[in-house]
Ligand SMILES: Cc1cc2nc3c(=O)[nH]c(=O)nc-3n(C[C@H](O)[C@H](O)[C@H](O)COP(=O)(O)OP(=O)(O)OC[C@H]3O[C@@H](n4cnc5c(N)ncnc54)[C@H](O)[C@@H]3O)c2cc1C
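Just the one chain here, the form predicted on its own, laid out as structure tokens.
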């Protein structure tokens, strides 16, 4: 019998019918909707409103071949190299070859890409890329401008409806196929019956204490898919960004110091002002993220340091303000003038290479259930994502989701008969559970892992998970805590099973 977060007696207030329901209003969800046949009615559900998604915080840009001197083979090889040999070559080839057409489509949609003096799209280089191929918007505000443009286009589509502040609780299935979702609004619970369900709900960053992720990134889509019987893959591969500003905001989200800054020549220094990455890797500061992150942790641990420093003071102030306006302003708010001061940074959780296993059309092992973006695992990232391939993946595979749905014969869903489990009503200390999960994952399931640490963490989190599974949950925070425990437990399970160190999964033992 499959699992549900909801239970017998859970009150459903209303049923809504549609052709396609998309969970998540980041780049993947929005772009999927824009590519859907206009004859199909599409509902996009946003968990915390359109101002909150990982996409909107993305800085660096989108990797896509632009130069005549660049090649598909080069971008493919860079991706495979960063992925430590764990990438799916078919998916990587699709990603790279279909990238340029999607960039041109974004231009037609009005995405305000930065341009050079000849009015060509500006491009830059980021870590582990062998060529300049990163397009960007607003200097270091690519995600913001991209997301805003896609939202505006979706609002102009007569067949697309965006509903904010809706929390998905469960995916509904019948006879091995997805037939809708259960969602929680502010005061009401709904069933949305749909012929096709797309999970584009983002990553799992808030399962960790320190993350660049939006507050809504608690693995909801992945956990719900697991309960529905979807296969997940590569859950042990969690990427930590080497350079986050050490001061979090009020929501405990750490501000990212973009990879593009090191691509522009910024160097890492210890407290004595010494560079240390040259000894760690031949590409120094432009080494893959997992290597840079571990090198920083090693430097901090050996010298009892709270952080290291990123130095880009050799660049003129006007250049920094134009190329990195968000970073410049955010650092200045902390009295850090990046034209004269080194930036205090340390590694934090940033991206999730694992997720719901899909084919190259975004289809899962469950009929009519799709996934795209960070909640999916297409195999393109392998053990370690190449910089700026993430937004590219959102575009390429969400469009493929839409095209696959467009090509299918559409059958209106019938009334859903729910066979729900009985659960016990009791008080839960969810705030303590959430805090403990984050502490355990950060200290024992993070950048450097050991068997004993992970075993201890898994034992404690498994206890929380079993209690949450058997309890009647009511608030969205309680359902969210169940999802956090579900994905955290699976990350540790898979990390314990992979004995060798590869990519972002590093076993110190």
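Bear in mind that the values here come from a model prediction, so they are computed numbers and not experimental data. Residue numbers count along the first chain shown, from 1.
Quick note: we don't show the form predicted together with the named molecule, though the next part is all about it.
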- Item | Per-stretch contact check against the named molecule in the model of the complex, the hit in 399-407, 368-376, 244-252, 312-320 (non-hydrogen atom, 4.5 angstroms) | 368-376
- Message: Exactly one residue in 95, 168, 194, 343 has a non-hydrogen atom within 4.5 Å of the named molecule in the model of the complex; which is it?
- Response: 168
- In this chain shown alone, the residue from 79, 293, 364, 388 with a heavy atom within 4.5 Å of the named molecule in the model of the complex is 388
- Message: Although the partner isn't part of this model, could you tell me whether residue 198 comes within 4.5 Å of the named molecule in the model of the complex, counting any heavy atom of the residue?
- Response: no
- Message: Whether residue 154 contacts the named molecule in the model of the complex should be assessed with a 4.5 Å heavy atom distance threshold; does it?
- Response: no
- Message: Even though the partner isn't displayed, in the model of the complex is residue 464 close enough to the named molecule, meaning a heavy atom within 4.5 Å?
- Response: no
- Message: Is it the case that residue 53, even though its partner is missing from this view, gets within 4.5 Å of the named molecule in the model of the complex, heavy atoms only?
- Response: yes
- Message: Taking a heavy atom within 4.5 Å as contact, would all three of 206, 355 and 445 count as contacting the named molecule in the model of the complex?
- Response: no
- Note on the structure: Restricting to 14-34, the residues within 4.5 Å of the named molecule in the model of the complex through any heavy atom are 23, 24, 25, 26, 27, 28, 29
